[in-house]
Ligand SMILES: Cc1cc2nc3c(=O)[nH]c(=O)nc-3n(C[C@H](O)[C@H](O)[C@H](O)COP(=O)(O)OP(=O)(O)OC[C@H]3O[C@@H](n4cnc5c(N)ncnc54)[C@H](O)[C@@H]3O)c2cc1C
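Below you will find one chain, with nothing else, as structure tokens; this is the form predicted on its own, and questions on how it binds or moves follow later.
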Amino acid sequence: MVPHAPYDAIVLGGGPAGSAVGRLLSAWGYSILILDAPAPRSRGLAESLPPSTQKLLAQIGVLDAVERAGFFRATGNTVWWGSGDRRVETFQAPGAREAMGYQIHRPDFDRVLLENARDAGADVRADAKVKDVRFDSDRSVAVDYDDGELGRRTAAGRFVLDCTGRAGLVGRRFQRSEPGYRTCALVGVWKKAGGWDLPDETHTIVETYDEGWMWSVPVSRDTRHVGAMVDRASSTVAGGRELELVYRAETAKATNLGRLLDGATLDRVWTCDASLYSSAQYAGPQFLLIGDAASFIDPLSSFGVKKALASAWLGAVAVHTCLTDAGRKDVALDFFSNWEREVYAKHLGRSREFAREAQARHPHAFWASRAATTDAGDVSEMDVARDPDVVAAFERFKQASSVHLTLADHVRFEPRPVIRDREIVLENAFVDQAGLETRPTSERSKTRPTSTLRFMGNVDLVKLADIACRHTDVPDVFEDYCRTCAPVPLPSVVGGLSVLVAKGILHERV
């Protein structure tokens, strides 16, 4: 029998995802228990956070704390990808702190976020080992755990949020490995007195070679983590040789990074699984899989921590919606699940593009398996933006001194979920049947009868259409939209108008 539920949610794991979702829900007035069993500090990875993470950190309420922690700041990346030529990628507005990324040591970063969750009111157990998770119909969930010297305990809650990463205490039953992406990371910590001989010592460095790729992330001026990403099933890794010898042999294969390590001292080496996976299910009536417990994206993206934070923020919104209005529970959980699927698919597509680029220079099985072609999946915003009709409309709007737009008579709406403040609500979206009429009847029957349009490039298309019909000048449309909705770049508004015209939702009056 599951005991009475004193907690609104029990969070398993105190990493970025667990701390962030726990902090948000606690700050919003919910009773939250966070059960954390941190990994050994000696195995803590260095990771890169792009500048865009700052907005997310602010949304979660931890940006000031992260700034005070004094993490090493980064201005960009130096890359040898599928080429012997160096490519320097500098973040925009060089020198501005808001345009700089963070080079973090995960144990230190995780501690900052977990302390903030505790300060927000979360009940944090920092040495708790979860033993069992038990569900009772759709009403409550119980978690058995060892709480250090306090011994075996049981907690109950209305939701359990799995933020335990690859371990997936709840999520492992749903995990689906990505074929062709069985990857092992060999990681070493290197020190070089006096710093590194680099044009910019703050940069993340990435280099491909025949059998894998390597990365290097600095955590200070004299210390860098260097990882070799190799096939998990390779005979070199599985051959039983001493790990340090295997690792040094891999670093020697990367010409530029190998040269960089000359004269440096290797402090320690360890290995960890870096294989990609998604989930067959991301949420249920009593649980959500958040961050790496839901899916693991390619470390090449440097978006792993950012994705975990975004997943935590959306997970908090979904839980808040469920606890506020039980009638929207299914809508909220479906919205969260669809977001997780789309993010994983987007990053997987980008990984395959990078793999194909590398394979052109490195014709090896490592790259061939990762570059394999699969179904294209759903149409992305980028696909829509590249549509010839959208491009043509965009060019017309750029040149036009005035616009005369009206809503097409055939336009229909369907309710679709959107985020408003801290809740997921249903609002009208345009029904988009563009292209379906040209398909054979046999194909139409296999496809959803309609798709919908609501947002493009962070522009609310429904509100933009209404505003556009009330003005005859693009600048007036732009100003009214930014004043009524939210500030966005002018090209985003023009792009939104172009999509609405290309899809036949708005007509241009002569």
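Note that the coordinates shown come from a computational prediction; the quantities given were computed from them, not determined experimentally. Numbers follow the displayed sequence, beginning with 1.
Another form, the form predicted together with the named molecule, is not on view; read the next lines as being about it.
Put simply, residue 22 is far from the named molecule in the model of the complex: not one heavy atom of it is within 4.5 Å.
Contact check for residue 167: a non-hydrogen atom falls within 4.5 Å of the named molecule in the model of the complex. The closest non-hydrogen atom of residue 249 lies beyond 4.5 Å of the named molecule in the model of the complex. Using a 4.5 Å cutoff between non-hydrogen atoms, residue 292 counts as a contact of the named molecule in the model of the complex. Here the chain stands alone, but in the model of the complex its contact with the named molecule, taken as any heavy atom within 4.5 Å, falls in 271-279 among 271-279, 151-159, 397-405, 414-422.
No residue of the trio 315, 323 and 343 has any heavy atom within 4.5 Å of the named molecule in the model of the complex. Out of the listed residues 130, 393, 112, 261, 130 is the one that sits within 4.5 Å of the named molecule in the model of the complex by at least one heavy atom.
This chain is displayed alone, yet in the model of the complex one of 485, 69, 58, 39 has a heavy atom within 4.5 Å of the named molecule; that residue is 39. Residues of 8-25 placing a heavy atom within 4.5 Å of the named molecule in the model of the complex, in sequence order: 13, 14, 15, 16, 17, 18.
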